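The chain below stands alone and is given in structure tokens; this is the form predicted on its own.
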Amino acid sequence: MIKTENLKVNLPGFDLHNINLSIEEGEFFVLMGPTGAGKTVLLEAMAGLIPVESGRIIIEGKDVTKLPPEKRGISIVYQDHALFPHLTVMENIRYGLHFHRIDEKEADKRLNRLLHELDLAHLEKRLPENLSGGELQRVALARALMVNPSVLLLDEPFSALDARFREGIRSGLKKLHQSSGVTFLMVTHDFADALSLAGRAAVMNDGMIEQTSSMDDIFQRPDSKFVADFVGMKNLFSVKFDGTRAAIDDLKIELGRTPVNSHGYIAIRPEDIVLSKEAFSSSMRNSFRGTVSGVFDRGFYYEIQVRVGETIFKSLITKRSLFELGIQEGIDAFISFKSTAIHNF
């Protein structure tokens, strides 16, 4: 449906390098990465808003690299909505029809469907200044979809919304994607957004694609140290492999498999490390005694750091578990984790 082949963009102080992506028709695909990674630059290059140095952009089998934005079959929704302040909701939604020839009956049918699905009918005469953040977002989505694009690009669509509105808008966006049949490509830094909406994703770093795969693979089986760190693999260690074991200095960790390389990394998600006051007798093949070196409030959870020799492991526990276990800095504690919870690369 939409492909980029060796796409390169040169901007003052920033470049995109050999971007290769392939997104299927009707897919909900997410671009993730830190601020400054190049996510929005890639969206704008696809939309035709910034020039491409080399490479190709292909949509529905057609090379659109040299076409103007209005002929690419792409709509884009920015995080600040970019609505016309002097136009009403209805006028904003219909604005794109000035540049796209659409049968009037078909346009009216699509308009009514969008007003219903996005709950905008009662707002059609209002100006943007009289709308809430969630309402502005819904109007921007309706305007983008009104011209029946092949691809909808979404640049951080939830970043300007209060947390209490995000879940509702997220749910509405998912339903809208399913009913419209349009291919969605969304930029986000919020893992909850990505996990709830996308089937596949790509992680960008410094103008390059680090990994493209399913959401599960990105979060559980990262391809690089950067991706592992970005998705919250807080336990990330450089190791030497010896048979089925990984060595971190004098600490030996059982993998239950033999890696191909002799050196590399292992990564363990903090929620996969079980914390206890006594040795954990179970199927877990790795259990070590250490000393609690840090207790940090992370909102709904506490991050507990346990030093085993010279290595610090990080575990997440609930506030209830913190008090039940009597966890505090300086006490001895055991950490345990399954070999299947260890990702090596």
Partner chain sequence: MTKREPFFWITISCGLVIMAFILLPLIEMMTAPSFSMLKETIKDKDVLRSIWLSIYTAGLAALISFVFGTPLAYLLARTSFRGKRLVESIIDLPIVIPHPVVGIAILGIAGKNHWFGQIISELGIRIMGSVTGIVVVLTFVGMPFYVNTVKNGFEAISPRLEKVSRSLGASMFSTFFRITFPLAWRSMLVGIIMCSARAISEFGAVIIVAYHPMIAPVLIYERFEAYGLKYSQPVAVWLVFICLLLFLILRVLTSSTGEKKA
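Positions refer to the first chain, counted from 1. These figures come from a predicted structure and were not determined experimentally.
Keep in mind that the form predicted in complex with its partner chain is missing from the display, and what follows is about it.
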- Message: Can you tell me which of 107-115, 67-75, 246-254, 199-207 lies within 4.5 Å of its partner chain in the model of the complex, counting heavy atoms only?
- Response: 67-75
- Within 4.5 Å of its partner chain in the model of the complex, do 49, 82 and 144 each have at least one heavy atom? yes
- in the model of the complex, does residue 27 have a heavy atom within 4.5 Å of its partner chain? no
- Hey, in the model of the complex, does residue 101 get a heavy atom within 4.5 angstroms of its partner chain? no
- So in the model of the complex, does residue 127 come within 4.5 Å of its partner chain, heavy atom to heavy atom? yes
- Is the gap between residue 155 and its partner chain in the model of the complex 4.5 Å or less for some heavy atom pair? yes
- Note on the structure: in the model of the complex, the residue from 86, 122, 175, 263 with a non-hydrogen atom within 4.5 Å of its partner chain is 86
- Message: Please tell me which of 259, 96, 134, 270 lies within 4.5 Å of its partner chain in the model of the complex, judged by heavy atoms.
- Response: 96
- Message: Using a 4.5 Å cut-off on any heavy atom, which residues of 296-325 would contact its partner chain in the model of the complex?
- Response: none
